[in-house]
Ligand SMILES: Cc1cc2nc3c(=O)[nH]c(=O)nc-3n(C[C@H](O)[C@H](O)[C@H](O)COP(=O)(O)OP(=O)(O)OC[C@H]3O[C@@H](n4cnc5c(N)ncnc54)[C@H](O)[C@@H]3O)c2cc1C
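The form predicted alone is given below as one chain in structure tokens.
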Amino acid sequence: MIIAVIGSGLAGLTAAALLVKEGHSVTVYEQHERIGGVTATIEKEGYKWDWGQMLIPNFGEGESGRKILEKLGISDKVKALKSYRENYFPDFRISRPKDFQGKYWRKEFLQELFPEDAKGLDKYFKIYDRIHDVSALLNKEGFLSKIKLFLTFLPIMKKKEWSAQKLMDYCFTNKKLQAVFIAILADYVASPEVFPGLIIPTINAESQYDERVPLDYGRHQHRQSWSYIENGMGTIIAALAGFIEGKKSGKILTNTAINKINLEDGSVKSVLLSNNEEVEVDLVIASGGAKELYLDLVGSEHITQEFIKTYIDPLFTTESVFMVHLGVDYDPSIYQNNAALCYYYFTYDINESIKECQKGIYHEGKDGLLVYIPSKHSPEMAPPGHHAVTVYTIAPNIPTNGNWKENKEKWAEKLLDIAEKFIPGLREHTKTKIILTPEDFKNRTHLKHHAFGGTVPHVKVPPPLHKTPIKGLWFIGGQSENFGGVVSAMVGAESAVNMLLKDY
């Protein structure tokens, strides 16, 4: 088959590589001059940065992301480095202890801080262990595994429809303790009132906070690992692109956008490129934005109103981010327990901060930020004795209290003002700087509304399906998944490829 893949992010490259492996003729069309989308590597004056913090799950041995690389024979090109992150709150800090204190050390630490919720923490961690067992069993095949999955999920089945807020109220009375577990929703810009409760334990895996926490213990199922990728996410991009272009049937074209998907009798016929060339294809696999795909490239006249009302109009995505990349000549990790990554939360009212961002109010860093130092785990990402540093925070695409073009320098300084309260000397030691606004992300991703994490898990709103109503058109990427992120994009692309191969 002749297949066009729109977008060279992780989803597009994964789908293309898997289809090339099956012998199909595949061309990846990338509108930007460089491949990789927001998983490419940014480089300047010897420093390298990822587009965001990249402590990611499921790249350990036998895990889903690793299995895709193994299937393509490129696993040896991508090395995962287990590590940890720190969390700062206004009244306390959760820091990885120097000596390992056991797999439940965070629970015990929090029980000392919040003795009134000690029993609630026991209750929460029972749910935690059960939902991680369920998550592992979901990926296992066979009748016995399905029976085990049902029996494991049965005790918490009634909580399936609970929101994150309901789960927090069930477990804890103290709002500060609740914030420990729902603060991560700031990344999703999703209110705990609509975010599914049972996902909270999944995105708060204990191995994120201490890489020494065992992934296999007792009679429990294997827990997912959390890792950084050595030398940054561009390593995965390069490995996938190398595989595609190493095959005669694979091709990647940069500076080439697809402006229209042409249909005939309800099926894909051809694509119109940005240079006005029309290319006949059998299939189109589109990554990127759902609205851009259906309303612009296809046209709403080819989509039923029922589909639009179900998947397009209520599309629930994250907002964007504001990011400052620095190249510095000292080691700033000494101020965050030698961790490459620390989240700094300055409010316990996570829900209010999220709602403000959704209204377009940019908080200018007062609600929180994170500091990521990729050269801490990958020294090659900075000159010797230097470090690459990223300071960023969530931000609305279109702020109501200013605009990105006029305010980016001022807002970058405000962000660094706050960051330097915890990491002194950032500006004094800065050798180079890059500021990225939501406008830069929109240009990079070819989206009208940049969604840093794609679609967001929601108690009622589903993400668009991989298989579209148009014959020969498939949708992949962050906006086709309940979870944004690296492995979700890759696994979703693999799932779509498996489905389409059965159809054709």
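Fair warning: this is a prediction, and the values are worked out from it, not measured in the lab. Start at 1 and count along the sequence shown; that's the residue number.
As for the form predicted together with the named molecule, it is not shown, yet the points below apply to it.
When contacts are defined as a non-hydrogen atom within 4.5 Å, none of L110, L167 and Q178 contacts the named molecule in the predicted complex. The shortest heavy atom separation between G472 and the named molecule in the predicted complex exceeds 4.5 Å. In the predicted complex, the named molecule lies within 4.5 Å of some heavy atom of V486. In the predicted complex, R66 stays away from the named molecule, with no heavy atom inside 4.5 Å. For G288, a non-hydrogen atom is located within 4.5 Å of the named molecule in the predicted complex, even though that partner is not displayed. Listed stretches are 460 to 468, 445 to 453, 41 to 49, 66 to 74; the contact stretch with the named molecule in the predicted complex is 445 to 453, by a heavy atom cutoff of 4.5 Å. If you take 289 to 315 and check each residue for a heavy atom within 4.5 Å of the named molecule in the predicted complex, you get just L297.
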